[in-house]
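Shown below, as structure tokens, is a lone chain in the form predicted alone; questions about how it binds or moves come after it.
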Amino acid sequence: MAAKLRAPGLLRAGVLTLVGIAFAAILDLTVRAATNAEPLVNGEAITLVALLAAPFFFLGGLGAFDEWLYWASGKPSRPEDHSGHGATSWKDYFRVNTDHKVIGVQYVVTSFFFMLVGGLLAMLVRAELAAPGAQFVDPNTYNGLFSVHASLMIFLFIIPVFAGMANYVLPLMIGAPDMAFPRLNALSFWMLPIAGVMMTLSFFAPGGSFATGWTAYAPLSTEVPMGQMFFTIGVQFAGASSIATALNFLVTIITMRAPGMSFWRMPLLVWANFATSLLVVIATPFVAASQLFVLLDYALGFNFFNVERGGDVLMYQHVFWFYSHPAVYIMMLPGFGIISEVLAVKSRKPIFGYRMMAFSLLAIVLLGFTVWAHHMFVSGMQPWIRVPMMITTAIIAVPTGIKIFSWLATIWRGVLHLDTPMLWSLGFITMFVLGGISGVMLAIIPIDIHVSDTYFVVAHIHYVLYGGSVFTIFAGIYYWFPKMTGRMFDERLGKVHFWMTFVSFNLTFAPMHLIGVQGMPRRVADYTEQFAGWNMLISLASFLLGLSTLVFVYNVVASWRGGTRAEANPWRAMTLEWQVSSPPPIFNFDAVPTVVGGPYEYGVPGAVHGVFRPAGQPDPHAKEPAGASARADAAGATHHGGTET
């Protein structure tokens, strides 16, 4: 038993978490005694300190800091035995692991767990709204349900699941053996469940969970029960996880590309994550700052948002939305990359306008920082800001429109394979266009004022984030499922999942546009009788939407355990991740790949993206230009890739 406690792992982490809570209590009592604070024992103060301290003790118990502390102690360097790299059993997924593929699976599975928790909360919200009047919960509990639902879906599902898929696929795509900073990569993941558990446990805090929405507007968020701090501190860990992961992606993409992998030979998923990582690194510190201000106001009596003491409540909204509108693109750009990968393979055609697709990603990054105040048209800010924000919001639709038309041109007259990943991709294009149309409507000042804080806004954000982001997530999961698991999923169940989701999603959220225009307010537990019929339909459809997700879960679990063995390249794709076994070798490649052509040259006879050769063998393609001129195998090299027209 003593040996197990000394070894890093969940047992030691659990014990040290308790030590961390005790440390927080002792520290708080010591400080309060030294300052003669009354009362000496303050449960709320101890809880606040524990929320900050216990996660670090937990991470230390897992072993996340072992190597860094060993180095910092000045001890002689010890050779890396790679004992913390790779997985040989399911137990390896419950420890600190430096293999980017293991971390990718950890991210994806953890994110979907919190997606199911958030989805259950959404079902409770819709059960309450199925009819006018009180059904199951009081208004404050209702506020907590939709607040935790939104926070889990944004911070614990959509953002990290994209990071998980990129963690698995991106190093393979660029020919790298791992991420640039494997230990930081592992730490990035383990900060994520800390944030999710913290937000979920807020329901057990005195006074209930945080109930101010995922926006946590001040000064409301500084004057509510203790549960709000579970969100405020949890966001710091989720944000730190995002920033560390983004920095890792940037360094990996810039410095670890395979020979011949120029920026203009990178797959568009790599471009998408490069652009997303720039957004994360620049924008995420702002949401961290906004929540730090709230914490200081709440815990230490600062006055950032106390108007009577010179505070400014609009400052919070400006700081928060300066992150949170770019965050919409953080939740969209990786999905754009996924769709580009799937459409090219399933259409057997090169991506139309490859370079313009890459430039449009960077344009979205730039323009994303110019539109934040369109969330504040009715906030009381200076009226003159509205017009330039309306214009930039309309302009940002241009690079997005470029992507839509490029995708349509890619599938035009292609050899379409309408399997499950392709269905999700086509469904995404349809739903995202509809969400984009309502987004342009919300950019228009008079329309925005009319429908502000109504269900029209709820409909818009779900068409963008569910019909947009989540549809791309499912497309990516089905597309890379054989690579990640070595198994094929059940195609029939995959199509059942798509059509159930597509129909129930539209039945759930399309009517919200109508009741929103008619004035039904969001974030309220009751409504007038005139909206009863629509809300009953919406609630029934939402339950069907939840059921469709269970079909997905069953398909994934059953296929992972006993699905048909997957080939190395079942889709006949050209990118590098499909040129190795499924799952890939522990260090990705048995021979260093050399990139000799573009990633999407389907239909070009003899086109090759990458070749593999033994170490020391010369590269006959080294001086050839990119694109169709790189042909045929190098002597002694191997390659794969479809050439179907």
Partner chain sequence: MGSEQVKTSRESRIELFKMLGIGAVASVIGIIAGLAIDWFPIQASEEAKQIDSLWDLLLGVSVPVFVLVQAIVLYCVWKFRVRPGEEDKDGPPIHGDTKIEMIWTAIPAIILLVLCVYAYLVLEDIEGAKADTMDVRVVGEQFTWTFYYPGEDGKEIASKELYLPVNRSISFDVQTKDVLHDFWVPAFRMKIDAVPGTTQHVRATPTREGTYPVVCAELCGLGHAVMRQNARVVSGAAFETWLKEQPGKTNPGATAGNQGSAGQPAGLSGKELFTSVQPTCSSCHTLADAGSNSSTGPNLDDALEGKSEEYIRQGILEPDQQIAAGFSAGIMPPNYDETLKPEEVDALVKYLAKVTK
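Residue numbers count along the first chain shown, from 1. It should be emphasised that the depicted structure is a prediction, and the values quoted were computed from it without experimental measurement.
In what follows, reference is made to the form predicted together with its partner chain, a form of this protein that is not presented.
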Legend entry - One stretch from 230-238, 153-161, 513-521, 113-121 that, in the model of the complex, holds residues within 4.5 Å of its partner chain by heavy atom: 513-521
Inset, instruction - Name the single residue among H82, R183, H417, K495 that comes within 4.5 Å of its partner chain in the model of the complex, judging by heavy atoms. - result: H417
Inset, instruction - Scan F543, F302, Y217, F203 and let me know which has any heavy atom within 4.5 Å of its partner chain in the model of the complex. - result: Y217
Legend entry - Contact flag, P177 vs its partner chain in the model of the complex, heavy atom cut 4.5 Å: no
Inset, instruction - Using a 4.5 Å heavy atom cut-off, state whether R348 contacts its partner chain in the model of the complex. - result: yes
Inset, instruction - Although its partner chain is absent from this view, report whether T564 comes within 4.5 Å of it in the model of the complex, heavy atoms only. - result: no
Inset, instruction - May I ask you to state whether E601 is within 4.5 Å of its partner chain in the model of the complex, using heavy atom distances? - result: yes
Inset, instruction - Give a yes or no on whether each residue among E223, A394 and A397 has a heavy atom within 4.5 Å of its partner chain in the model of the complex. - result: yes
Inset, instruction - Taking its partner chain as it sits in the model of the complex, which residues of 368-403 have a non-hydrogen atom within 4.5 Å of it? Please list them. - result: V378, S379, G380, R386, V387, M390, I391, A394, I395, A397, V398, I402
